[in-house]
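Take a look at this single chain in structure tokens; it is the form predicted on its own.
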């Protein structure tokens, strides 16, 4: 189950990437939608890195990258290929379970990573500051993408077909978006919404890139301060990732119900 051949995995991933490129709708969801929020930087306050509009645009771009090329793309691929018995046939060959899953997730994962990387120079060109803590920013991106890939595996287990994925994906999407917009909620509500993965990712981007403290819209943290401020949201995000991986491993289905 844990054996993974780089050559076989990359070969399968190239085939999956080809299918993504050939599907114009999927390609649009994967590439255009995640980058579109960065256009908001053109109308936001720029020049000193002391505004919430820039942070909101970057957080939205990264959330779209996690939701579309990673979560929804992987979910729809898993369900479609499971129902077409492609996954079952792959398992009868040399490919291991880890190779099959990794190859399915890899194209969307690479696109999302590229979005997170491209967001840095694009944001800087549009007047935003460079990330204050690049390492923490990178950790946030990787853990977030792993979390939503695991969410896709878990959601696929109770999704009957590709059409149903539009409905079964909604709880995860709402969980992500709720946490992102909850920054404007009252403190009594924030105590609960801060425990969602969307809120944790939002806080981590605001801390690692902009040096924002809680509810701040200007830099109040130095490099050392970002690590202490990141403690709780990083713990929340890692905990969600661990739970999602556990649920995905326990519920993974390789063929349709008879």
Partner chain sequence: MTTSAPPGPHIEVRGLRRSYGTGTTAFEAVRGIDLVVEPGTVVALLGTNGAGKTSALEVVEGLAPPTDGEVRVLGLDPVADRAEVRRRTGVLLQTSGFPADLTVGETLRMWSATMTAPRPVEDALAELDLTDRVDVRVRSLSGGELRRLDLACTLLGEPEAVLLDEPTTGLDPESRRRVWDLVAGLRDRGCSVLLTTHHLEEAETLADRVAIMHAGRIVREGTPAQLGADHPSTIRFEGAAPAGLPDLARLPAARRVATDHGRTTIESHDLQATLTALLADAADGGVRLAGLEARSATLESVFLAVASGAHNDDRALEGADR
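Fair warning: this is a prediction, and the values are worked out from it, not measured in the lab. Residue numbers count along the first chain shown, from 1.
Form predicted together with its partner chain: not shown, discussed below.
query = Among 87-95, 115-123, 145-153, 68-76, which stretch has residues with heavy atoms no more than 4.5 Å from its partner chain in the model of the complex?
reply = Contact-bearing stretch, as computed: 87-95.
inquiry  = Please determine whether each residue of 223, 230 and 232 possesses a non-hydrogen atom within 4.5 angstroms of its partner chain in the model of the complex.
reply    = Judged in the model of the complex, none of 223, 230 and 232 sits within 4.5 Å of its partner chain.
ask   = Hey, in the model of the complex, does residue 15 get a heavy atom within 4.5 angstroms of its partner chain?
value = Residue 15: yes, in contact with its partner chain in the model of the complex.
query = Using heavy atoms and a 4.5 Å limit, would one call residue 22 a contact residue for its partner chain in the model of the complex?
reply = Judged by the heavy-atom cut-off of 4.5 Å, residue 22 is in contact with its partner chain in the model of the complex.
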